[in-house]
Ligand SMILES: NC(=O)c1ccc[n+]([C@@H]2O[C@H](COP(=O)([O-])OP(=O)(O)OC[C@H]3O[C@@H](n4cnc5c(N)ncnc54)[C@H](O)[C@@H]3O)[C@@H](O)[C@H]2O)c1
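Okay, here we've got a single chain as structure tokens, the form predicted on its own, with questions on binding and movement later.
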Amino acid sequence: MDKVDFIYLSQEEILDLNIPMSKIIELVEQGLYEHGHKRVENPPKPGIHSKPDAFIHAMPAYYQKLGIGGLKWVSGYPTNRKLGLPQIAGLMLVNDMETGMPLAVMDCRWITAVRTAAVSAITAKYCAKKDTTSLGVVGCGVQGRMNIVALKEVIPDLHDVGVFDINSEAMKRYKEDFETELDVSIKPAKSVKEAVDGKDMILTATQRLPEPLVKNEWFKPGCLGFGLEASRAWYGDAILECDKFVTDSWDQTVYFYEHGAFPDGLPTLHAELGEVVAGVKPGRESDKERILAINIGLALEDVIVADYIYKVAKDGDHQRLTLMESDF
């Protein structure tokens, strides 16, 4: 029997590869295109829950046409901040689809952050109105930060950005870090309403909430909304009365509904995002449409990025771990 080994990549080793956001968007768009044509095996993610507000999910995916596949094993523990640990952590596993052998194990935290932002950017590419220039952001954490970078890639005319966070220092850092770098005007707001009311796009990137934040009347005609925390940050009428509801996975949206999300009921599905990317269903058809995208997060988005990282890194000077050397 031949020796079986694989490469191991830490978060820092992945960051050292300097993969740009534009490439992440390209990869995830390709993955969603394949999903839209029903060429990806991506079962709804099962999970375990050791705390009421925490999860550990298993997220496998296989691309039939591309011949790539793998698994993300990811945890989300909001209380980790008090312990000096990240809220999101876990591992990506890339497998050889001919033999099933592992090719790489790597950190999943950065991959999760960038692929989530890339999905928002791809949604905007197909669903934002043509003259979009403004964005309202609620939450200046990892996703609030990653998303503005990704959205600027596909909406180069984006300029007017309102932000709100309960932490004023987070808003200050947000402005300092991105205003000059992205050539946008960032205005910290004193309320959610001030940040989002009337914007061309509204993005919520918050944690679990005692009550929703975004009211229907702030979600103006022509607006594209993003809810990165499932349904929690948007009032029920804003969700149910939007003109088009888009998600990356309807099966997972229904699964979340069955476990407490969308307390006012599920909206009518217009399309899965992959169907829009593949041209199976239309994205935006009118400048007056209010489109709400609540993308749950698909393993296929992680796996296609992880596979690319493996291919870039496999010939480099990275640690190799041995799985087995002989029969037992």
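In case it trips you up, residue 1 is the first one in the sequence shown, and so on. Please read all numbers here as calculations on a predicted model, not as lab measurements.
From this point on, the text means the form predicted in complex with the ligand, which you will not see here.
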> Between the options 92, 124, 161, 140, which residue brings a heavy atom to within 4.5 Å of the ligand in the predicted bound form?
Replying inline: 140
> Which pick from 167, 180, 99, 79 sits with a heavy atom within 4.5 Å of the ligand in the predicted bound form?
Replying inline: 167
> So in the predicted bound form, are 205, 228 and 297 all sitting within 4.5 Å of the ligand, heavy atoms only?
Replying inline: yes
>> Residue-level question: is residue 116 within 4.5 Å of the ligand in the predicted bound form, judged on heavy atoms?
In response: yes
>> Just checking whether residue 199 would be counted as a contact of the ligand in the predicted bound form - the rule being heavy atoms within 4.5 angstroms.
In response: no
> So in the predicted bound form, does any heavy atom of residue 152 sit within 4.5 Å of the ligand?
Replying inline: no
>> I'd like to know if residue 128 sits close to the ligand in the predicted bound form, meaning any non-hydrogen atom pair within 4.5 angstroms.
In response: no
> When the ligand is placed as it is in the predicted bound form, which of 99-107, 128-136, 218-226, 143-151 ends up with heavy atoms within 4.5 Å of it?
Replying inline: 143-151
> Taking the ligand in the predicted bound form, which residues of 38-69 have any heavy atom within 4.5 Å of it?
Replying inline: none
